[in-house]
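Okay, so here's just one chain, in structure tokens, the form predicted on its own.
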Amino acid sequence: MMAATGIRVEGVSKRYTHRVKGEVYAAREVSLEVRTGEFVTLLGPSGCGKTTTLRMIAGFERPDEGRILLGDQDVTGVPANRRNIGFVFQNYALFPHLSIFENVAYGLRVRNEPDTEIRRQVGAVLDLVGLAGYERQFPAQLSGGEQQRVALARAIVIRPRVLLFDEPLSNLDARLRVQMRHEIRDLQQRLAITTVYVTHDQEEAMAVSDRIAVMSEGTIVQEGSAEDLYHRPASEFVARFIGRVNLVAGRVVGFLGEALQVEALGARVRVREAPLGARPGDTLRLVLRPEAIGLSAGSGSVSATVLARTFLGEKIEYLVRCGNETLHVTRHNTGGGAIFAEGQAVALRFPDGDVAVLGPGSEA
């Protein structure tokens, strides 16, 4: 049984000196709490600071400010090899000249574990990741997915307090990535181990995480569940980064109870979760997810014209023109629904429970 523990990152920053740009922040005042047994993903584009933050948690980088705690222990100045963490690298970092058994056993041998205990633990963990019988194979004889499992087995055999992943699936093909992310999530839940995972892939993050921390320009700009980030983004950056989105300008015209009425696209749209302090006359932007927009033949209160149609098997994606706006609309292909042709007139509907809003100052 692994002695998992929580993680606290308190205001950590990391600076580098660039030959042209001068002093550059790779991470700036990052604060994050990961509860014991929780799976948290750092998500963001390349260069946003997510890998630097992960490496500071691991002990491969030392922050210039702030501190890092594993449980109640301040490990800010503790070397990586004394933090008892498991780390799965992007390129797996397997030893090509060692057998699978010896790759997995490496951390136990460094700790001078008895041979009988090493055999027992390596056998158990290889069975856990579905590689029983692979002990005498070498990395070059394995597929990418199997190598990824070896890297995972090596990380967990030492019974770490926390498990860290740095873009572990980026070298796999699309189908194998989907399979492996489910295996990683299942294993993490069975072991109940505290996990921090880094990726730039929004779908991957949404599939594996209890919570997601979205990073931009070295800072965490929003954190929450996948549902929170998707349906209630706090900024344009998050709205655009988490899934596809239509951002439409609107003007507040009044209230119906606690709901907000917004004039947009030539119609009045109802928003249930209004931003604090919203008043009639304010300008804001509606967050319209493509799958939340209703589409029907003919004209209606919001009329549009189909510009393009893409058939993708389980769904059909449309590009429609509505006044001065071009919108993405997605319809799930149920086999019996109408398929609209390019140039066809259609009516749009916006269910009030599916409309979010960005207020002033939410561009970041």
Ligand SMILES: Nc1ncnc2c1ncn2[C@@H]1O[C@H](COP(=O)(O)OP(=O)(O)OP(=O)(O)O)[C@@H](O)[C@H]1O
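The first residue of the sequence shown is number 1, and the count goes up from there. Just so we're clear, the structure is a prediction, and the values are computed from it rather than from any experiment.
One more form of this protein, predicted in complex with the named molecule, exists but is not displayed; see below.
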| query | finding |
| --- | --- |
| Contact segment among 324 to 332, 303 to 311, 31 to 39, 44 to 52, judged by heavy atoms lying within 4.5 Å of the named molecule in the predicted bound form | 44 to 52 |
| Selected contact from Glu167, Glu113, Glu236, Asp210, since only one has a non-hydrogen atom within 4.5 angstroms of the named molecule in the predicted bound form | Glu167 |
| Position in contact with the named molecule when the complex is considered in the predicted bound form, options Ala26, Leu69, Ile316, Ala58, heavy atoms within 4.5 Å | Ala26 |
